[in-house]
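Quick heads-up: it's one chain on its own, the form predicted on its own, in structure tokens.
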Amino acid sequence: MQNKEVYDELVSKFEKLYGEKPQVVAYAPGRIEVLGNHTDYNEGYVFSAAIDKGTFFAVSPTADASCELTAGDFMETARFTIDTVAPAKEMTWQNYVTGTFNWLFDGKPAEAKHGWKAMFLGNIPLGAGLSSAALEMCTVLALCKLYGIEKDKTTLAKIGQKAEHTFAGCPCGLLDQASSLYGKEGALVKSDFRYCKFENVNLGPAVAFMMVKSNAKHALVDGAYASRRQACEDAAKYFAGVLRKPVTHLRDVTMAEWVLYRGGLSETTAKRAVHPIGEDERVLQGAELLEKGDLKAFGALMYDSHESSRNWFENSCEELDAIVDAAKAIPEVYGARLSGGGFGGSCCLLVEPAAADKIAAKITKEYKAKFGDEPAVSLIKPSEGAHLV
């Protein structure tokens, strides 16, 4: 079992707190986004992978309507009932779980008939921008089992997304939840968010990913994410008016069309729009390169992606740029870019695994010289998606 030490710790803490072993345990991995940034809500394409770190959720039923949820790392407990489920203003970590519970029952959790006692614990670095969807997905799998509910993976992903929108207050796309569910060992997940189609593309054993977590605070709820999304929607409406073809999202716009018609947009909206348009083209090009086994050319697309984040979408930051710039000087790094929403969080590097220690040492040295502290560096292998344990 992957991350067995985390599982053992969770079961032990659950038993100590509740006096019994959990009836159901589910696991969901975090994800890295490899190529295709902010394309999910633009109905575009993304390459991502489930990672070998994740979150476990343990649960047992209660005999009445009461619910207890404990964060296993700092042993803080939230209490409520199935008919008082609502977004919390304090201990806001619970919103990812309670929101998922709420939408599993279509907004009527009182219909669950009985409550539950649960605890979660994981080893995904907090604040790396990788953890919320993993928590939602292990929650929904465990609660489905507890209540005898059967739903397909894409529906489960959408339940987690709705929890994030309505309880956590972040208007995310479906990428993180889908990556956590559809992951496969040694493979990337290629997602098409127009048709919610997810396929696995083999990466091969010659490379791995390195996650470098900056110490810049990762915060998407403060409006930066929402403003970028709004700009993309505004641009799509504009292109729908000027192009002689149907346009509902930026997926429908080519780079050539953006060049020809960008003059009708404000400078900021034009800059925001070109990022997901370019990302879609990079993902499709990347799929062809992986088929040929050209990993270095695939890595070059990752560098291009980061430059687009830095210059056009402006969702990078000084710390993430420094990590990517340091990576460019290391021959055993094929590509590097920010991963996820941006504005802090982590960078994803495509690396030769044998050189992992050398790469980590060089990037840490440069980062420390610039910012005075050290980033968290870990080697990541694409891994299996969420499942019941």
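Nothing here was measured: the structure is a model prediction, and the numbers come from that model. Residue indices: 1-based, along the sequence shown.
What comes next is about the form predicted together with alpha-D-galactopyranose (GLA), which is not displayed.
Taken together, the three residues His38, Leu174 and Tyr225 all come within 4.5 Å of alpha-D-galactopyranose (GLA) in the predicted bound form, as judged by their closest heavy atom. At a distance threshold of 4.5 angstroms between non-hydrogen atoms, Gly344 is out of contact with alpha-D-galactopyranose (GLA) in the predicted bound form. Only one listed stretch (99-107, 175-183, 203-211, 255-263) carries heavy atoms within 4.5 Å of alpha-D-galactopyranose (GLA) in the predicted bound form, and that stretch is 175-183.
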